[in-house]
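Just one chain follows, in the form predicted alone, and it is written as structure tokens.
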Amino acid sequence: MLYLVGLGLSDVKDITVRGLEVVKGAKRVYLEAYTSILMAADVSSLEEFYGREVIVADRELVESGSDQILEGAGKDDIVMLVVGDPFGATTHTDLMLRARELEIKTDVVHNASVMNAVGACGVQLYNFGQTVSLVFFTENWRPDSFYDKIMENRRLGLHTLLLLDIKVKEQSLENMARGRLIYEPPRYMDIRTAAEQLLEIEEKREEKCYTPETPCIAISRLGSPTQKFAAATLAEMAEYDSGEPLHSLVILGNRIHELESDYFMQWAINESTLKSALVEDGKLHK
């Protein structure tokens, strides 16, 4: 059987009891290592905790080497460990579909992910709209498809969770062109970069999806002992030092329940500025 096992958000001990039992009894254990990272653990600490080998599965192996991962899964248990919850990325759905094509049984052990733990910032999960990903801009590539999804959410008064880019085991265009297996250092988008890119696209589109005064919540190292929240305007976020990764950003909708504002106001960088921004944003998007 193929098992997808969620690891949670931070520590080796965030795995569920059932997930740990599955790992200990499996023939092979892979760790999907490019859509996210465990903030307080690495492969060696996982191996020490599990008492067994963990095979790192990079992007190439997960997306192109599914046959290698699934080899023998018809008679033995194979595990793919996933940071957060197994269905937090479409890659894992693809692997499940491939297993089904090969008539391999599958099972999933769920865990906490940013998609539900984001509620810790103070806004209610049922008030979120579409989640969007924000990628690093390059000199020649500055995609803005996320803008329309944020606009749809904002028109409905819903919050938007932005998942910020992670670059792990990426190659430069030159190295790819020359066929050289040389990888760039890992990069993790911070809140400041995300805010700058958002403001750049608003300046380009000029559709007032959001403004420099739009209220937001920055989320850093969610689920870890050093997790941190900050509530401020988008312009203030462009000056905010969010520290070590990982980071996410919430653009607030204009239908803020007072229980939400009462809760997230404790994270305010400037309480009076934030209160004014909430009032003005409500007027702009009515």
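Bear in mind that the values here come from a model prediction, so they are computed numbers and not experimental data. All residue numbers refer to positions in the sequence shown, first residue = 1.
In what follows, reference is made to the form predicted in complex with another copy of the chain, a form of this protein that is not presented.
Visitor: Looking at 144-152, 207-215, 194-202, 69-77, which stretch has residues with any non-hydrogen atom within 4.5 Å of another copy of the chain in the predicted bound form?
Guide: In the other structure, the partner sits against 144-152.
Visitor: Does each of His110, Thr131 and Gln266 have at least one heavy atom within 4.5 Å of another copy of the chain in the predicted bound form?
Guide: Verified in the predicted bound form; spot residues all in contact, yes.
Visitor: So another copy of the chain isn't shown here. In the predicted bound form, which residue out of Val168, Val135, Met96, Ile104 has a non-hydrogen atom within 4.5 Å of it?
Guide: The option sitting close enough to the partner is Met96.
Visitor: Does Asp85 reach another copy of the chain in the predicted bound form, with heavy atoms at most 4.5 Å apart?
Guide: Asp85 belongs to the contact set for another copy of the chain.
Visitor: Indicate whether Tyr240 is a 4.5 Å heavy atom neighbour of another copy of the chain in the predicted bound form.
Guide: Tyr240: no, not in contact with another copy of the chain in the predicted bound form.
Visitor: May I ask you to check whether Leu9 falls inside a 4.5 Å heavy atom distance of another copy of the chain in the predicted bound form?
Guide: Result yes; Leu9 sits at the interface with another copy of the chain in the predicted bound form.
Visitor: So in the predicted bound form, does any heavy atom of Gly253 sit within 4.5 Å of another copy of the chain?
Guide: Gly253 lies outside the contact set for another copy of the chain.
Visitor: Going through 112-147, which residues have a heavy atom within 4.5 Å of another copy of the chain in the predicted bound form? Please give them in sequence order.
Guide: Ala112, Ser113, Met115, Asn116, Ala117, Gly119, Ala120, Gln124, Leu125, Tyr126, Phe128, Gly129, Gln130, Thr131 sit within 4.5 Å of the partner.
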